[in-house]
Structures are given as C-alpha cells and as structure tokens.
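Below sits a lone chain in structure tokens, taken as the form predicted on its own.
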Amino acid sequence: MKKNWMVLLMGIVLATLLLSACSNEGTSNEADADGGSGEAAAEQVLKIGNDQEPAGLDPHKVPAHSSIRIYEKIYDSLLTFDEDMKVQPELAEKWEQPDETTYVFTLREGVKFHNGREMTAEDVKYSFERIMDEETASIAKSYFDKVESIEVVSPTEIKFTLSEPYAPFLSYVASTNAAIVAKEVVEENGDLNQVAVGTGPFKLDEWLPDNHVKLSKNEDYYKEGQPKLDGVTYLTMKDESARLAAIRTGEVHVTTLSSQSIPLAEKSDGVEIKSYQSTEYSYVGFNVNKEPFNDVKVRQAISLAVDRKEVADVVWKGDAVLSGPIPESMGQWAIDVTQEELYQQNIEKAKELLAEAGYEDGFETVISTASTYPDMVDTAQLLQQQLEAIGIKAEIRQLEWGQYIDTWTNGDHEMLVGRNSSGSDPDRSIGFFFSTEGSANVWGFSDEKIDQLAEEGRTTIDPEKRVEIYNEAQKRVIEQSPNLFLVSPEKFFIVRDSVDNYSPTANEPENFNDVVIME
C-alpha cells in the first residue's frame, strides 16, 4: 500500500514538472513573437493619463481634442494620411476621378462594424448625408458644401458628384470628422455622444465619466496583425501634478505635460520625452457681434498690445514659434508672420487706435478660457497683464471643459483663449474658421474679401496659385483680426520605456496600432 502511494506521488510530481515545462515553453515563444525579448509579455493594455474628460463621442459633431483622441481609434474614414500628409486609402481601397467634379470610391470588402455587421456603400452614403444635413449641426458640414449628389453604385462602390472643382475634397474625406458610422446605431440612440460603434482598431467598452474610458481590441479589424494591444484605457487626470506622479510610478504608460513640467519629467527614471512640432496654434478670439469688438480698430489695438514672444517664452518656456492662421508646420502654406505690422508690439499705436475707436480710456472685458488646460489659463493671465498697458481691464473667467465647449459653440464670450488645429488643408484654416458660412466660425465674423479668397482657394486646383491665394487670405485675416494668432507650440508625450513602437507625429500623435508593452 505504501509502495503504491509512493508510485502515485512520483507520477503526480513528474506530471507537474512536464506541465510546467510546457507552460514555460509556450510563454517564452509567445513573448518572442510579441517583443522578441524571450521574457514573459506584459499585460497588453496601454494606460494613458488623460488631461481632459471627453466632451462626447460623435465624430460628426464634437470638435474637442479630448474626444477626438478617443473616437479616432473607434472609427475609420474612407481615406487617411501618411507621415508626409499625403492622402492614402483606408476604408476605400482605391478611388478614381473620371473628371474634375466626380470621385468614385471602391470600398474594402469584408470590413465589419463593431456590432458584427458588414460595412457597405449605403453606410458611406448615410454618413455623408448625416454630415451634410443642417439638423445634424455637424462640425464638418462646410467641408462638403460642394457635394451635389452621392450615388451607391454597388455595395462596394460609391460615387460623389461635386457642383464644381473642389481642391480640398480628398483631404476632407480623410478627416476624422468624416468617419463612417452605422445608421442603426444612430437611430437607436438618437446621436453618438454616449455610444460608439465604428470599424476602427478599438471598440468602446466603458465610459465612466470623470474617471476612465476603456477601449478593447477589435479582433475583426481589417488590417492584419493590428492592433497589437489588447486595449487602451484613458484615465482622467486633469491635474498635471497627478499625471506627472502617475508616469513616474508607472501607474500610466503615456501622458502629456506642459513645457513647465518637462524638466521634472526628464529627471525621472524609466521615462522618455517624445516631442513634435504641432499643427496647432494658440489664439484669442473675439465675439465681433459685441461691442467694442465689432470695431476692427479695437481688435487691431489689442494685437499691437500683445507681446507674442513673451507668450512663447513664459507660457511655453520657449518651446513654441509665432504663428498666423496657418502654422509654420504646414510648410509652404504658412507666411512669415514676423514681418506683419500687427505682430510688432507697439503700445503707442495701440492707444491711438483705441482713441480713434472712442475708447481712449480703455474698457472692461472678460477673457474666457478652459480651467483644465494650464497653458490656456497662463495665456489668459499674461494677456490680462499685457492689456493693462492700453487701459483694458480684463477679468478672467475659467470654465470647466463642457462649459468651455458650449461657450465656444454658442459664441457666449467676449474674448476667448483657446487652441485650434490647422488640419491638413489650408481651407480649414481660412474657410472653415473665418468664411461667413464656415462651420467653425463661432466669432460672428463676416468679410466679403475673405469669403472670395476662401472660395477661390477651394476651387483652384493649381497648387502654386493656391499658395498665392492663401498667402493673401492670411494677411487679410490678420488685418481684420477676428482672432489674434499667438504661437504654435511644440507638443510633448511622456512615455514609459516599457512602451515599444510608439513615435508621435504631427499627423498621428496617438497611433497605437503597432505598440507593444514590454516587461
């Protein structure tokens, strides 16, 4: 009996050893495939310290960066951009242009929405018609004002006919705000602000307001082998010191910090600073329907009172360049704003203009900004100080993010400090923000000359002529000053050294499709 018991015990031990060896062998091979290290792979969920709560998840309606960074991983568009900002296929595997006003897109077959339904040309038609419908109030509506008709040729082919040649069309088709959505999801929920069902690399699992957003891997994503991560979790950390502490301890893998905190992050072990020159610019905008900002001389006076270099040095610690409506990172489209008269601080000239406008003793106003973005608050405070030199007394109104978005959308402001992105085509910088019918013209601004130039820029195909048109348009916008364009900042991501295959660019600062988390 004892002998039989010993034999049984030895058998159990041997089986355990064999099982352990097989298990270890499997783990080692899996790690080699994922990271090549031969070590056990870490949990493949990327944790991000998010500086802001999303303002909604509808790609057609919500312009906030805090929302875009999430829904751009859930949805795809027909086209996309490469690192050189050239248009490339995405949900459309190819396109043809039989003539100057016709575009025919051939869709990839077998692409599925996250609910399991296959995407077809009917979804493309529905998505663009939703954008173009005035009742939707889409942020991208003015992108497609030249679209005359959309025809489903077959389940995998769709034709767009434009009213006239329209140079930015393909660039706008590639916009995240032109994402392809599922009709039944919109109809079931009324909108897409709380739900999200796209075709992108990640699916929405959970959104717990003021806490986190969890995304999981789309196992049916059409790009083979992507994403490598099992998920991405955005942890809401509005306080910058909390994000700095979280990246230092490894609580998060990636976060953003302002220029002021970069020296502290650089002293931390196990982290790397990744930077790029953004296509964003900071600005102060005016509600030109309210006195005294309906007078161009007042707006010009404020421009002459502002020291933009001080904004770059104080707010961004020198990690920014002066910017016009089109930032320097847009290359040939940008003008040298340092040569513009209204960029040269001139207090005496500013006082003269105020006096001519009937405000020789200055006036009182309110500068609104987002309380959760330190750079915006710092900019507002610096402007407040600079404007005192010409007798303008400004109160600063710090708004929570949702209230700030509403204020921007509804034009419920006098002066508004914020940041915008130039996008991929100069039409966004001019027509989208400053033409009378521009979807993002929240300033109440209208100027016949700018409308004319914006229209010429859209309908002119020759690149060199377009450069000339947009050079003139930028000078006109600066002269009229519905916004004062301040600086274009360098942007920073703080990344744990366990994060592999991540390189932020101006075009795709948060492309995590190839990211792997190492031990």
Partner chain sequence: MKEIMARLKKDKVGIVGVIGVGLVLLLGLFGPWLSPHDSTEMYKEHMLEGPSATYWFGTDEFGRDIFSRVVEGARVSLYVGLISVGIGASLGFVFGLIAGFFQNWVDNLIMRIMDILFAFPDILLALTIVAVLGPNLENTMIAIGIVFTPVFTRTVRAAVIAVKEMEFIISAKAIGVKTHKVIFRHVSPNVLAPFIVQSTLALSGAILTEAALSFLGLGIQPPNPSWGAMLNESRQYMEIAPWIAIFPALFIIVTIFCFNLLGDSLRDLLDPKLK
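Residue numbers count along the first chain shown, from 1. As the structure is a prediction and not an experimental result, all values here were calculated from the model. Whichever C-alpha set is largest while still superposing within 1.5 Å between the two forms counts as the rigid core.
If you look for the form predicted together with its partner chain, you will not find it shown, but the lines that follow are about it.
J.: State yes only if every one of L382, Q385 and R397 has a non-hydrogen atom within 4.5 Å of its partner chain in the predicted complex; otherwise state no.
T.: Affirmative, all three are within 4.5 Å.
J.: Using heavy atoms only and a 4.5 Å cut-off, determine which of V185, L229, L91, V377 is in contact with its partner chain in the predicted complex.
T.: It is V377.
J.: Its partner chain isn't shown here, but in the predicted complex which of K449, K223, K317, K112 has a heavy atom within 4.5 Å of it?
T.: Exactly one residue meets the criterion: K317.
J.: When the contact criterion is heavy atoms within 4.5 Å, does T338 count as touching its partner chain in the predicted complex?
T.: Output for T338 is no: heavy atoms all beyond 4.5 Å of its partner chain.
J.: Even though the partner isn't displayed, in the predicted complex is K125 close enough to its partner chain, meaning a heavy atom within 4.5 Å?
T.: Contact check for K125: no, nothing within 4.5 Å of its partner chain in the predicted complex.
J.: With the cut-off set at 4.5 Å between non-hydrogen atoms, does V152 touch its partner chain in the predicted complex?
T.: Outside the cut-off, so no.
J.: So in the predicted complex, does any heavy atom of D82 sit within 4.5 Å of its partner chain?
T.: Outside the cut-off, so no.
J.: Could you tell me which of 289-297, 239-247, 100-108, 152-160 sits within 4.5 Å of its partner chain in the predicted complex, going by non-hydrogen atoms?
T.: The contacting stretch here is 239-247.
J.: Tell me, please, whether between this form and the one not shown the C-alpha of P168 is shifted by 2 Å or more, with the rigid core used for superposition.
T.: Shift at P168: below 2 Å after core fit.
J.: If you line up the core, does A389 shift 2 angstroms or more at its C-alpha between this form and the one not shown?
T.: Shift of 2 Å or more: yes.
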